[in-house]
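Same chain, two versions here, written out as structure tokens and called structure 1 and structure 2.
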Structure 1
Amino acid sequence: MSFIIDAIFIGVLQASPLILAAMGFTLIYYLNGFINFGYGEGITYGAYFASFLNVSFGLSFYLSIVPAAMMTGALSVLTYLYVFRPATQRGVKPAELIILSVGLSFVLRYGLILMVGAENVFLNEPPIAFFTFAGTGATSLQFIALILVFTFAFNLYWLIYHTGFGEKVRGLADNPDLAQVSGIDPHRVSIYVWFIAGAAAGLAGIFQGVFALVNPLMGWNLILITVMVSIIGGVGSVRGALVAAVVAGILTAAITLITKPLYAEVVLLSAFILILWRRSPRLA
């Protein structure tokens, strides 16, 4: 019983950044129909923005979260306005947009390295208290991170599935021509979606970075698992991405508790391949 509780708690905790990243990623995929590998750099930039505000500017870690997420959201909107939207208006196809996103990812990553260097940076952790829950030890920062992540995830889920804005997003994704005839402004809706998705990436980077070091490759290292979780969860399904990220986190934690982390990654990757292989006839 203790093993199951440990696996669930550690898994959900470790999956927190992945939950945010997958939900934001799938939102852009759902609306625009292409895999945006540049999204991973939003994770990196979110952590660096928070580090700048927290370490260089002197804000507390908690006060740096919202402005860093908003800065990452603004960066995401800029990539939409100046890279992907012009390309889409010129008739660039989804496959070419994927290649474009890879190029953008390199530009953002090495641009960041040119500005701040390739050395690891860090976030100053707030004062930490230790708690025990169901026999499992955790820090106050871990509990607060969990609460913030699931609060954001719940609000994003509610926004997409239970508001008029969510209806516009779903209408625009399902039938853009009909949505425009119905009076939906695709440009405005897209800006909001890219901002929200970018903010989610920034939060993922912040919560990834506060429990580890921040470096220019952290977003790129997370983007593959983010893409796979989003696909497993169902293309364009925010709730599917949420469930898939939590299951992936718990599975990884459970395997790591009884063996080495490397084996957990291998099992997880094998499970993804098996699920996609089983699903492929229905997708064809």
Structure 2
Amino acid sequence: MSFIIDAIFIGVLQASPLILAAMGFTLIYYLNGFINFGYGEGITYGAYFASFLNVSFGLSFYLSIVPAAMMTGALSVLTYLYVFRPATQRGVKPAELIILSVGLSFVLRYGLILMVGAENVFLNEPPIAFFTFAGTGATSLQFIALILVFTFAFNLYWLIYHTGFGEKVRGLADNPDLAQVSGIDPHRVSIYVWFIAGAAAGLAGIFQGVFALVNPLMGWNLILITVMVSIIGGVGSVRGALVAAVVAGILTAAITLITKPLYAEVVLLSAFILILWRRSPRLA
């Protein structure tokens, strides 16, 4: 019994970066219809922006969260404006857009390594209080991360399902032509969505960075699981991404408690391939 509680508790606490990343990722996938591997670099850049503000600039960790997330959002909008929009306008198909996004992710990642080097960076953690809850320990930082994640998730959910803006996004994703005829400007809506998604990736990177360390490969290491969780959660479903990310976190924690952490990844990736296979239509 205590094993189950441990797994759930550790899983939920550690899943917070993944939850954020998956919710942002699923929005872009939903609206533009392609898997954006460059999104992973948003995670990396978020962590580096935070480390820049926090370590080089001496800003407190909590104060650097919001500006770093905004900067990542801006970066994400730039990739949309200067890479993906021109490419779609030139008629690059979704399958090739993913390859393009892998190219972009290499440019961003190795561009970052060229600029700041490949060494690990550590964020200056705020003073930490340690709690015990139902026999398991957690830090104040983890609790704050979790609260922020769920606030963000709730707002995003509200934005997509209960506001006029969300209606525009859903309209554009479901039937772009009809939405444009109705007077929705796809360009403007896309910019907002790419900004929100980028900011979510930035937040994910900041928390991933403060729980462990910041290095240029962290985004690439997280993007596969993010893509996986978003696809399993159902494309475009913010709620689905949230649930799938929590389940993946708990599963990882449970497997890690029994054996090595790397096996958790192997199990998740295998499950991913099997789920894709189960869902596939016989002919596309």
Partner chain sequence: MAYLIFSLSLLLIYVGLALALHVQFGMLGIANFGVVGFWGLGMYAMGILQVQLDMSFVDALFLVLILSVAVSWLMGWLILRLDPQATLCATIAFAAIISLLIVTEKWVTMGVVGLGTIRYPFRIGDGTEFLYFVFLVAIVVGLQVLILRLHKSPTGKLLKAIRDNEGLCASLGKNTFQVKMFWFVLASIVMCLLGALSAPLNQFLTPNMMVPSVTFAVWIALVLGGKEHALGAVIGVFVTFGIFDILIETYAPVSPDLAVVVPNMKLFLYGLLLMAVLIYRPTGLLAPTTPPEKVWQELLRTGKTAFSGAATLTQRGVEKTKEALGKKSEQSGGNDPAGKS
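Please read these numbers as outputs of a predicted model, since none were measured by experiment. Here, rigid core means the biggest group of C-alpha atoms that superpose within 1.5 Å across both forms. Residue numbering: sequential along structure 1, first residue numbered 1.
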query: Assignment: the form predicted alone; finding: 1
query: Large Cα move at Val12 between structures 1 and 2, threshold 2 Å, rigid core; finding: no
query: Rigid core superposed, the C-alpha shift at Phe272 between structures 1 and 2 in Å; finding: 2.6
